[in-house]
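One chain comes next, on its own, written as structure tokens: the form predicted alone.
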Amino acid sequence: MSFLQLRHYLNHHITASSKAGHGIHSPFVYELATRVLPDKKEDIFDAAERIRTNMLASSQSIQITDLGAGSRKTSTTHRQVREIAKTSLQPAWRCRFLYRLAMHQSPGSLLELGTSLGVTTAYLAATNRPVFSMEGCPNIHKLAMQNLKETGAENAHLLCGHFDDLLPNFLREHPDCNFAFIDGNHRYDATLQYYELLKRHMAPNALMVFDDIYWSEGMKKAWKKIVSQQNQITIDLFYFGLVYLRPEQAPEHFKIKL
């Protein structure tokens, strides 16, 4: 955790509401805090965690094509798979949380921007709903394809290419998409671009989940801009920013400890 993130984390810890629901007056958000935020460990994630174990043990080296904001750790174009796994995979407890968020949504297609090695994709696939995941690096995409194939997750569909090229067509072809996890290209302009595109095309009452909203000053600025928009509920969980599109609702914002 960088100094910037630590400072924001301490502030969040002091000012955010408890996930026990104290002080949350919105029935919708209260239910989310008390029924979805609490962690639940389930055996259905074993296949996804095998991917993590295998990738953390892999000494294979691959060439990286980075279309996003890059890594704080290294700028090299060749990296060992285990190093990628150490720095890019979501911890298991966050993956379980994303699964619970997706399950809390009404049935529909799930979208992930940033497949990485496929661990989070496998968690989302455990919902048994159609999951579409986009990855910009061909070599990482290839590894993720192999990983998802080994889990038998036939409802997971992996797409390779730049989000700018893939996303508009996907949204036109999948109007039922009501969950999007944005975990790639942590830049100010790109984050707002994807937010605006998703907001225009996603199903009513859809959920966007933005990863690492305090990753940089640019991400913090983008999140602040998103929070200022209309017809939505936004929730700052520090690790994630949630945006629930509520067409008929005045905007509300919450900070909750995860």
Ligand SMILES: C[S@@+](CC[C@H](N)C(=O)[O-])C[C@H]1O[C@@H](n2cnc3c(N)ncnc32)[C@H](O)[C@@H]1O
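Position 1 is the first residue in the sequence shown; the rest follow in order. Keep in mind it's a predicted model, so treat the numbers as computed, not measured.
This next part talks about the form predicted together with the named molecule, which is not shown.
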Partner-contacting position among 139, 178, 90, 151 - heavy atom within 4.5 Å of the named molecule in the predicted bound form: 90
Might residue 86 be said to contact the named molecule in the predicted bound form, defining contact as any heavy atom within 4.5 Å? no
Is it the case that residue 115, even though its partner is missing from this view, gets within 4.5 Å of the named molecule in the predicted bound form, heavy atoms only? yes
Consider residue 120 of the chain shown here, and say whether it contacts the named molecule in the predicted bound form, taking contact as heavy atoms within 4.5 Å. yes
So in the predicted bound form, does any heavy atom of residue 215 sit within 4.5 Å of the named molecule? no
Stretch in contact in the predicted bound form with the named molecule, which is absent here, among 99-107, 143-151, 181-189, 167-175 (heavy atoms within 4.5 Å): 181-189
At 4.5 Å by heavy atoms, is each residue in 135, 162 and 194 next to the named molecule in the predicted bound form? yes
